[in-house]
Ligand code: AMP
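Below sits a lone chain in structure tokens, taken as the form predicted on its own.
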């Protein structure tokens, strides 16, 4: 069966504002393009990529989902640090990751297009391009509609569908732990993910109206090339 990756990236005044991806069959390309171009609320450039995939692996997603809500941002971030610590990240590096996303991880103090790569042992930043970072692409659910119905029936949002897919592929590729919260000013829930702790949703990891967000992937420096190749090139369909 032939699969196609359909990806969207939108920017405003040179800054990333939205991105999304689907892996679909040939006949679903038109409807998928129509869906993705409606995602960004505002932009001055929107890029669409349609790519035929040669090899697609099917992998059963197995991350346990849990959710925690706190009274304020500081409590939520402290809890994120605790979850990262239980995932094998030192407290100092966990707080460094929080502060990177909080203050804008790119050199200009804004959102990166992709994720920060951080050495889990030293805290060294490993991404080649400090504006782009690394992007987790070529991943989707084998039965997206079924997964969407299931997760929403459990009280989760449609955002969780995509975020869980990305987190699952990250761990599949060798990311040891991840910290993420959205750059959407109106969405304040983020998560920590690791093979040990699962997918841990945490709210609020930022204040409403804050446009800063991003991801930090904790990896081993000696495995960097293999991890990046998997994140950016490996095509993965997830079964629940």
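Bear in mind the structure is a predicted one, so any value in this text is a computation, not a measurement. Numbering follows the first chain given and starts at 1. Think of the rigid core as the biggest set of C-alphas that the two forms share within 1.5 Å after superposition.
Below, we turn to the form predicted in complex with the ligand, even though it does not appear here.
The ligand in the predicted bound form is approached by residue 135, whose closest heavy atom lies within 4.5 angstroms of it. With a 4.5 Å cutoff on heavy atoms, residue 199 does not count as touching the ligand in the predicted bound form; it lies far away. When contacts are judged by a 4.5 Å heavy atom cut-off, residue 95 does not count as touching the ligand in the predicted bound form. Within 4.5 Å of any heavy atom of the ligand in the predicted bound form lies no heavy atom of residue 168. Heavy atoms within 4.5 Å of the ligand in the predicted bound form are found in exactly one of 108-116, 72-80, 147-155, 85-93, that being 108-116.
For the partner-free chain shown, 213, 214, 215, 217 of 210-240 come within 4.5 angstroms of the ligand in the predicted bound form, judged by any non-hydrogen atom. In this overlay on the rigid core, residue 228 has a C-alpha that sits less than 2 Å away from its partner position between the shown form and the other one. Superposed on the core, the two forms barely differ at residue 196: its CA moves less than 2 Å between the shown form and the other one.
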